[in-house]
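Shown below, as structure tokens, is a lone chain in the form predicted alone; questions about how it binds or moves come after it.
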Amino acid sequence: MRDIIKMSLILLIITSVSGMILGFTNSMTEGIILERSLEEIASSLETLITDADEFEMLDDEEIISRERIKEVYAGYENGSIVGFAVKSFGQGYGGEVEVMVGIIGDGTISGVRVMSQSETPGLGDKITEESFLENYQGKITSEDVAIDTIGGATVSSKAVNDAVEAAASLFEDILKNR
């Protein structure tokens, strides 16, 4: 009986110390993780809407309540909107695939960047390759924007297609009239 109590106390001490260390580590790295995430968003915005000199996050209820839409940024040049960057997502094989879609004023997709994904390495993660993503460039939002899926990674590439289609639909329904 003593051995069980002794082992339980040792286990309690080990798990308590481990929990405190994990909590401390999380609190120390939380700011760094947020800062890197914001830097990645800023880099994506500048890459996707190259003519813009400033960006503003749009948080209208009509926009953020749309299915598969996370965030929308308007890109301005000299006070006039030149394009939008839409962060949207689709459901991939390994979870949510989050992409940023750049759409310039006339409804042309200027580019797509995968922001986060947890797809199968060596197969599903091919959706992050430039050779796949560049196929969206030049597509018009008023037309079909889907591209051919990657063989063996159909679910992953369909997730990107779904996210791009959500962004194109948002542009056509709401953003192009701004």
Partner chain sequence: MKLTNIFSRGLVMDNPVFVQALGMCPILAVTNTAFNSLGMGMATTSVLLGSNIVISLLRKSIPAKIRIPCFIVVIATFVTMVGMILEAYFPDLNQSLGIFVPLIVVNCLILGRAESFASKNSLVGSVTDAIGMGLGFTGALVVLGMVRETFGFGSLFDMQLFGEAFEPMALMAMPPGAFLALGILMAAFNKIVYAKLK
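Quick caveat, the model's predicted, so the values are computed rather than measured. Positions refer to the first chain, counted from 1.
Omitted here: the form predicted in complex with its partner chain. The next part is about that form.
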query: Contact of S44 with its partner chain in the predicted complex (heavy atom, 4.5 Å); finding: no
query: Contact of Q117 with its partner chain in the predicted complex (heavy atom, 4.5 Å); finding: yes
query: 4.5 Å heavy atom contact, T29 to its partner chain in the predicted complex; finding: yes
query: In the predicted complex, M1 touching its partner chain (heavy atom, 4.5 Å); finding: no
query: Partner-contacting position among I140, M57, L123, I64 - heavy atom within 4.5 Å of its partner chain in the predicted complex; finding: L123
query: Contact segment among 32-40, 46-54, 105-113, 130-138, judged by heavy atoms lying within 4.5 Å of its partner chain in the predicted complex; finding: 32-40
query: Sequence-ordered residues of 1-38 touching its partner chain in the predicted complex, heavy atom within 4.5 Å; finding: D3, M7, I10, L11, I14, T15, S18, I21, L22, T25, N26, T29, I32, I33, R36
